[in-house]
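This document starts with one chain, in the form predicted alone, laid out as structure tokens.
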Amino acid sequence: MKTLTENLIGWLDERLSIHALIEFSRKKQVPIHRGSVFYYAGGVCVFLFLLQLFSGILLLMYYRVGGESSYESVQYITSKVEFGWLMRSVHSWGANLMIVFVFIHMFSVFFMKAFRKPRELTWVTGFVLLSLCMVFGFSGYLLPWNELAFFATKVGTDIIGQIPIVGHWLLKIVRGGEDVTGATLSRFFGLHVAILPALLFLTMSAHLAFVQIQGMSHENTAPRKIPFFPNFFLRDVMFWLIVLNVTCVLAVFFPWEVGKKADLLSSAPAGIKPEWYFLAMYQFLKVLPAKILLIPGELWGIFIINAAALMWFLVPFWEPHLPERKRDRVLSLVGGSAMIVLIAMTLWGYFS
């Protein structure tokens, strides 16, 4: 006699072809080699995105956007709502960990040369995902409307104003005016809770579809393989649980502080800096001289940063044109240099 669970699974299977999906997952093979551990970074990024959605929806039930209400609602969440402080810290730590794992995933893909034909679009969508995650973090950072977030946002958006010709125009669009005000807060809120989640979901769906269609790197050269389901999937879930525990431990022992409410008329606190994932760019612009060949140093810095980002984005398209015997050496040099510069500039900016 069939149990209720079996009847439910059978009912869903008739309508959603769950059995066919499970069979496809079992037939799908995951290559096992010394770099296989980095395959889990992609799954962790998906898990952290889902965690952000869940925790963000809970916070949205109590958050009220506005210059006179945002800070007060965050204080209410932290001090009055049951476990509100925990959910806010989980959301904040989860955002930072998500960006960490997206960076790990991107560099592992680069060093494993997994961007090569036919996976160019997988790399392109992955780069777009990294960019969206950083904008996600930047927009969400302002929402508590505290002093640190206000001035860090002011510093970050000032860089946009340095772009030649269109800089001032773009700055007004981003801020909703000349300065960071309640209009900026409203724009960042709309961006954070509506536009970016939709863009991230669509891009992530395309990225995962490309991975399924094109397969994983080293699929044809790995010494052995394991089925995706249940072997690799259960290992993936184990990593998710580890990351969830780490996020909760950080949230409990290092809760995210509310700070002081933003005051538009006060002067910036000493040593104000943007979030860590923008520190490398911030420090690079900071150490440049005021003028280089009669051109402002910040303009040179913006040009160099954008040129480097474009070069990284287009790796799958310029790498095949290198001499075959030099490709691996050039890629190691480019990837190693990028890692060293990013880490060194971030640490320099943090401790300076």
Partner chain sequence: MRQRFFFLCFLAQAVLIQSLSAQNQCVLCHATMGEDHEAILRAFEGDIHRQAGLSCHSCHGGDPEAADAGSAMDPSAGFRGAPSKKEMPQFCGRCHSDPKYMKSFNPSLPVDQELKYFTSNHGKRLKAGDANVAACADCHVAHSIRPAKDPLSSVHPKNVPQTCGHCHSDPVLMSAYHLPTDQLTKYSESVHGKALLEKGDSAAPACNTCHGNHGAVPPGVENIAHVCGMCHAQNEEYFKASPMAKAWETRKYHICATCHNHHDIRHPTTEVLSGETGVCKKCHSSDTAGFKTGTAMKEKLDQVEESYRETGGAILAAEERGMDVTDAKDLSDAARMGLYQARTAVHSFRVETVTEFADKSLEAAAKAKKAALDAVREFRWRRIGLGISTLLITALIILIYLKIKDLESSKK
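Numbering follows the first chain given and starts at 1. A quick note: this is a predicted structure, and the numbers were derived from the prediction, not measured.
Note that the form predicted together with the partner chain isn't included here; everything after this is about it.
Asks: Of the listed stretches (232 to 240, 185 to 193, 199 to 207, 142 to 150), which one has a non-hydrogen atom within 4.5 Å of the partner chain in the predicted complex?
Replies: Contact-bearing stretch, as computed: 232 to 240.
Asks: Since exactly one of 248, 280, 160, 155 fits, which has a heavy atom within 4.5 Å of the partner chain in the predicted complex?
Replies: Of the candidates 248, 280, 160, 155, 248 is the one lying within 4.5 Å of the partner chain in the predicted complex.
Asks: In the predicted complex, which of the listed residues (255, 215, 176, 137) lies with a heavy atom within 4.5 Å of the partner chain?
Replies: It is 255.
Asks: Verify the flagged residues 78, 226 and 244 against the partner chain in the predicted complex: is each one within 4.5 Å by a non-hydrogen atom?
Replies: Answer is yes for this spot.
Asks: Give a yes or no for residue 110: in the predicted complex, does one of its heavy atoms lie within 4.5 Å of a heavy atom belonging to the partner chain?
Replies: No - in the predicted complex, heavy atoms of residue 110 and the partner chain never come within 4.5 Å of each other.
Asks: Residue-level question: is residue 85 within 4.5 Å of the partner chain in the predicted complex, judged on heavy atoms?
Replies: Although the partner chain is absent here, residue 85 would touch it in the predicted complex, with heavy atoms inside 4.5 Å.
Asks: Using a 4.5 Å cut-off on heavy atoms, which residues of 134 to 155 contact the partner chain in the predicted complex?
Replies: Going through 134 to 155 in order - heavy atoms within 4.5 Å of the partner chain in the predicted complex - there are no hits.
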